[in-house]
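What follows is a single chain, given as structure tokens, in the form predicted alone.
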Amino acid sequence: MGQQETSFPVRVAVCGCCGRMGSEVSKALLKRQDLQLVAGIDIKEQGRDIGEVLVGQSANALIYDRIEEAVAAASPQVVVDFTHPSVVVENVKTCLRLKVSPVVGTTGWTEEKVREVDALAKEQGVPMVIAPNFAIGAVLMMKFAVEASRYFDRIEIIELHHDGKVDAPSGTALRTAELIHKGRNRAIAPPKVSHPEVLLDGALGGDFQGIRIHSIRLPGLVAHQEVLLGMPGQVLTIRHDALSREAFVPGVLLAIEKVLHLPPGVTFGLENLL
């Protein structure tokens, strides 16, 4: 763990293992030799073998109701969390107190919450990763948007997700806006019409440091984002589409591989692992 020796294969538990993303990560772990799925944590299928539940073949790894039970029974070194914003902070705190490294894909993080778990992680000497988006293409989209933003006057973000997503705007959209704000060498130009007549509340989206963010939630979508950059006479659009949840799996596996070698505290964003 940053300062500790790492044994192989790395022992991993997945919190939310029966959910949409947690099940994809769990199935990917079952195929790896260097990463061992040793437990699942979920409110469903407790006491059953996670391999039998997900792929119809025993993995010699059970599903537990609570993180504490999974850690006591299976001794994971890493817990992957794809649960719900309402419970993720407590899940992370539990892992840190048990000296287990969290890899977190659950969104809805605020700066205050990140600082809170970062302080606890450093106190416990445990490294952890939080990533608003684990798709490598999405990380590149953010990187390209930051670079392009230095040359354009105005920027807006449109993020589109499935209608089961509970937070808006998405963590990826907020992270993109934050990186653009930090990466520009000048402020976002104000709109020509400083006080437009808005006929419908929210029509212009939310405002982050002059960057407008628009959220769309529809069945049929997975995870998509456009960054639109404009100046007189031209518009540049940078877009990433995650067409299935498989898009996020390689980034999660990369974070699992690297987290134990990081310094104690929060590493925020997959871009810091590439």
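None of these values were measured; they are calculated from a predicted model. Numbers follow the displayed sequence, beginning with 1.
Below: the form predicted in complex with a small molecule, not depicted.
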Can you work out whether the small molecule is within 4.5 angstroms of a heavy atom in all three of Glu156, Ala187 and Gly269 in the predicted complex?
no
Choose from 110-118, 131-139, 95-103, 72-80 the stretch whose residues reach within 4.5 Å of the small molecule in the predicted complex, heavy atoms counted.
131-139
Any of the heavy atoms of Gly183 lying within 4.5 Å of the small molecule in the predicted complex?
no
Report whether the minimum heavy atom distance between Gly19 and the small molecule in the predicted complex is within 4.5 Å.
yes
Just checking whether Arg239 would be counted as a contact of the small molecule in the predicted complex - the rule being heavy atoms within 4.5 angstroms.
no
Is Val12 close enough to the small molecule in the predicted complex to count, meaning some heavy atom within 4.5 Å?
no
